[in-house]
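Next up is one chain by itself, shown in structure tokens, the form predicted on its own.
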């Protein structure tokens, strides 16, 4: 087959990319320069939506919340996942057997396979201020004064959502890091253990360097997931109370479907898409320079 013949294998993915990503993005970009309710003829307004957007306090509040969700969905799960994966691989697996490590790995990953709606409804029940399990447990152990309206109080809502997202996201890095550790030569751990290296030193000097590429992948994918998070916010808080948990994707949704302000919602979605592209390019460039 001629060298150019291999390009035929790229055709299906190119068609899919064009139909699913490129064309909708360009349509969304065009709509962002208009005033439109979703019916009738759009009215061209130029940069009006973007001028309004960058002066909108709710827009900036949504991105501040998004930064905190990046911490909860990318940074914290990556750090905890790395420690847990190393513990399962280098300690639990050796002391209690590979089957025990596999069961624990599956338990950590379980939230990833649960439907977001189901997990959100269950958490809503558990955190309900009147009959929720958390407040009931606090009351049972004599700490009832600590009970809160966890998702309905603006002082606690975002922190509560962040904690839930750590739980939801943790299993993904654990699985990725344990898969990466499978390719590490066991002799490295054995030699370090014979030399008297503690688990923590083995973790620092063997585990982290050996899974460096997996760390980049997890940070990138989890950061993108945090930037475009929608389902948990929709199910748990609807961006409230007030604007305490609003994020750009939900802010765009409310303008699209609740306020019928399609042009403004498109502008929000366009800015969010561009930020994701910039963040991805930064990660890939940094990875290439580090490798």
Partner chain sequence: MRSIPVRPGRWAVLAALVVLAVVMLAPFVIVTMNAVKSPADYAAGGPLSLPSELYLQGIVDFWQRVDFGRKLLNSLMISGAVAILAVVLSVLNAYALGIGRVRGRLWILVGFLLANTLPQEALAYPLYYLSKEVGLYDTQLAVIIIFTAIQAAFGTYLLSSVLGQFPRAILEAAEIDGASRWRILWRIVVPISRPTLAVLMIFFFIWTWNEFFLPLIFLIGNDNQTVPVALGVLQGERMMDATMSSASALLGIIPAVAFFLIFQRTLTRGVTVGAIK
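Since this is a predicted model, take the numbers as computed values, not measurements. Residue numbers count along the first chain shown, from 1. Rigid core: the largest C-alpha set superposing within 1.5 Å between the two forms.
Form predicted in complex with the partner chain: not shown, discussed below.
Peer 1: Taking the partner as it appears in the model of the complex, which of 187-195, 71-79, 204-212, 142-150 has residues with heavy atoms within 4.5 Å of the partner chain?
Peer 2: Heavy-atom contact with the partner occurs in 187-195.
Peer 1: So in the model of the complex, does residue 67 come within 4.5 Å of the partner chain, heavy atom to heavy atom?
Peer 2: No, no contact at 4.5 Å.
Peer 1: Can residue 28 be called a contact residue for the partner chain in the model of the complex at 4.5 Å between heavy atoms?
Peer 2: Looking in the model of the complex, residue contacts with the partner chain include residue 28, since a heavy atom lies within 4.5 Å.
Peer 1: Please tell me whether any heavy atom belonging to residue 115 falls inside 4.5 Å of a heavy atom of the partner chain, as the geometry stands in the model of the complex.
Peer 2: Contact with the partner chain, yes.
Peer 1: Looking at the partner-bound form in the model of the complex, is residue 88 within 4.5 Å of the partner chain by any heavy atom?
Peer 2: Within the cut-off, so yes.
Peer 1: Does any residue in 249-282 get within 4.5 Å of the partner chain in the model of the complex, counting heavy atoms only, and if so which ones?
Peer 2: Those in contact are 249, 252, 253, 256, 257, 262, 269, 272, 273, 276, 277, 280.
Peer 1: Taking the rigid core as reference, does residue 274 move its C-alpha 2 Å or further between this form and the one not shown?
Peer 2: Comparing forms between this form and the one not shown, the residue 274 CA shifts below 2 Å.
Peer 1: After fitting the rigid core, is the C-alpha of residue 95 off by 2 Å or more between this form and the one not shown?
Peer 2: The answer is yes, as the C-alpha of residue 95 shifts between this form and the one not shown by 2 Å or more after core alignment.
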